[in-house]
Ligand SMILES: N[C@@H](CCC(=O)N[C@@H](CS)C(=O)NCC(=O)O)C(=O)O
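Next up is one chain by itself, shown in C-alpha cells, the form predicted alone.
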C-alpha cells in the first residue's frame, strides 16, 4: 500500500501512526503542496479533491483519513481491537470519527491555520475574528470531550480504538497553536496515554513550540 501524505498534517500522521500500531507496511510518499503536486492529473485520478492523505492499494484509491483508518484495520489479519467486530462498538467509534471531522477539527483546524499554517503559506497574520471563532468552537467541544472522558481512559468501551487516534490528531500542536485546553484536565490525562504510544511518538513531525 502507498500513502500520499503531508507529514506535518494531523490527519496524515494519525494514519501513519495507526499503520505502525497495526504493523502494516506503508510506502509513504510525501506530496509537495508548495509545488502543486496535489493538483496534477496523476494525483487527481486518485483523489479528485486534490488532498492528502490518499491511500493507494493496488488499483483501489481511498481518501478521507478516518475512512483510511477503518480500511487499515480491515487489513489486519485476525482483526484488531482498534476496530472491534461488534456492530454497536463500530457505530460508537464511527460517531466519534464523524464528530472529529465535523466539529473538533473544525475548531482546532481554524486555530492551527491562523496561528501556524497560514504564515508558512504566506497567508499573512492571524485574523482576530477567525481566532475568536476557533477558540469558541474548541472550548465548546473540548467541554463535551472532557465530560465524556470523566472516569474513562478511552472514548469507546474504555479501550484504545481508532476513535482515540483520530480525536487526538490536533493535540501535538496544541501548545504551538495555543489551543484553549487549560480547563479540561480529562483531555490532558487521556492524551498522555496516546502520547505514550511508540507508534504515535515516532510519527509526529518536529513541531515548533
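Positions refer to the first chain, counted from 1. Note that the coordinates shown come from a computational prediction; the quantities given were computed from them, not determined experimentally.
The same protein also exists as the form predicted in complex with the named molecule; that form is not shown, yet it is the one meant from here on.
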query: Residue 110, heavy atom within 4.5 angstroms of the named molecule in the predicted bound form; finding: no
query: Exercise: residue 146 in contact with the named molecule in the predicted bound form, heavy atom 4.5 Å; finding: no
query: Distance check, residue 33 to the named molecule in the predicted bound form, heavy atom within 4.5 Å; finding: yes
query: 4.5 angstroms heavy atom contact with the named molecule in the predicted bound form for residue 6; finding: yes
query: Candidate stretches 51-59, 160-168, 173-181, 138-146, one within 4.5 Å of the named molecule in the predicted bound form by heavy atom; finding: 51-59
query: Contacts with the named molecule in the predicted bound form, stretch 20-45 (heavy atom within 4.5 Å); finding: 33, 38, 39
